[in-house]
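Presented as structure tokens, the chain that follows is alone, the form predicted alone.
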Amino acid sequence: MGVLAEVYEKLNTCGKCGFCHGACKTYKKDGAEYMVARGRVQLIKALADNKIDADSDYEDVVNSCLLCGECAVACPSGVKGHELVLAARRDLKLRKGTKPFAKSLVLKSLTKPGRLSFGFSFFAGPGKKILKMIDGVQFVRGIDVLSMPAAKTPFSKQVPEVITVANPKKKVAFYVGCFLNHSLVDSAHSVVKVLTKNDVEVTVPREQPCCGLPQYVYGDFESAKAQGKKVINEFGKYDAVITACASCASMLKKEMSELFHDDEDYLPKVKEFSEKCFEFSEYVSKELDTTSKLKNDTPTIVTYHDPCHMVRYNKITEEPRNLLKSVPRNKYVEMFEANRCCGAAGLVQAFYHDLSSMITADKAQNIMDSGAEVIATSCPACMLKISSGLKLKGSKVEVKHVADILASSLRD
């Protein structure tokens, strides 16, 4: 049975009411019917019915979706448009492979830690120096490449494999994730500081395979499964696994089980593993008492951006906000559309950068309108994208991970 045949009944569930129009960011910026869930679903169904071909226009329709899940929230019929787009991407992968070559190269590189480490190391050294010699290269496809952090040495090799504390109350493994391991390493250090200051022994395995989410969302289930098994083999022996990347957390906690749903022998192992995986703010809120250890001498106005994988995929919304509010002298303000996509959306920002940048510009404006001095979030990709959007508007609002704010407020 083909991929589209498996979801054919779900494709027929769409009532064509148009409620998704008010929720879809890509539709609001493009205005074309094929850029909203209703239009995408009808085109996917038309392909399943052999009424259209899977040409380049169809590929753009499927691949430009943010997968933010906002259409599913708005749909009165319960249609999960983003899941049908995932099926369509899987179908495209089986039909045509991964295109274009640049996308295929990125997805393959993420599965090879050595190649990824070399790439960031090169970028941190001669790469940036070369780019600075080129006029007008500050922003590439809406991304501030010259300001993007890059580590010469991955975080996982900057710290001991086991970071001990005097009297450990808990022991966890830290699944760092690609961006925190190779780019935003300061935030990774913040995670460790928060945990160890709360008497948690942290193990940071040297081997940090990609979680498989990038391959999964572009239909390469075979590669995603291979990555998932690597993660489980490396981290499955620990009692608790913490990650500070919203997307990685979603993959480990939720999508991994969906990926292996048809593997009856391996699925129980996946579910057992997923049950002991926690997003950083979720774990800190549930398992630790940080309030008595926090201090802050500088009053700061802080707001929060909900990554899509936190708010709609895993329903983690109050935990990061409560942590931010717990910091003394911080004033928390809720920004307009805090739970709407920032435009990063994985590789959408690279291959549909004009569309992505317009969405990011809205997010940046909402942040500036809130009056906040700091925007906190829980997703490295969102951090980098929002930072670029704010700089393009000339804003000096700082972008920080929730862990950064907690770490800087911990008593020594």
Partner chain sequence: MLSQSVITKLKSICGEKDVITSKIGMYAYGYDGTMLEGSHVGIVFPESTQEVVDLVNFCREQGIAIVPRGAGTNVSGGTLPSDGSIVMNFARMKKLLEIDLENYVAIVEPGVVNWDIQETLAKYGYYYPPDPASWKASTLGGNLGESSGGPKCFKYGVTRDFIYGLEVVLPTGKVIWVGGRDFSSEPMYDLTRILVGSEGTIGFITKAAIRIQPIPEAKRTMLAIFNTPEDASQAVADIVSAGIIPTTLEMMDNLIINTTEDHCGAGNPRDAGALLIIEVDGHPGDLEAQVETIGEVAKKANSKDFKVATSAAEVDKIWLARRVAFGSVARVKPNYGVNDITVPRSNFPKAIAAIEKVKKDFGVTIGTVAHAGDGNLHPLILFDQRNKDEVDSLHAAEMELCRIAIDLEGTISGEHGIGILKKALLPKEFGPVGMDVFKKVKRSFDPQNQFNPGKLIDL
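For clarity, every value in this text was computed on a predicted model and none was experimentally measured. Positions refer to the first chain, counted from 1.
Unshown form predicted in complex with its partner chain; subsequent notes refer to it.
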| item | value |
| --- | --- |
| Per-stretch contact check against its partner chain in the predicted bound form, the hit in 227-235, 332-340, 205-213, 161-169 (non-hydrogen atom, 4.5 angstroms) | 332-340 |
| Contact assignment for its partner chain in the predicted bound form, among Ser77, Thr153, Thr291, Thr298, heavy atom within 4.5 Å | Ser77 |
| Output flag, Glu9, Gly18 and Lys28 jointly within 4.5 Å of its partner chain in the predicted bound form, heavy atom basis | yes |
| Any non-hydrogen atom of Phe351 within 4.5 angstroms of its partner chain in the predicted bound form | no |
| Heavy atom of Leu43 within 4.5 Å of its partner chain in the predicted bound form | yes |
| Residue contact check: Ser395 to its partner chain in the predicted bound form, 4.5 Å heavy atom | no |
| Interface membership of Glu373, its partner chain in the predicted bound form, 4.5 Å heavy atom rule | no |
| Interface residues of 55-73 toward its partner chain, as seen in the predicted bound form [heavy atoms, 4.5 Å] | Asp55, Asp57, Tyr58, Val61 |
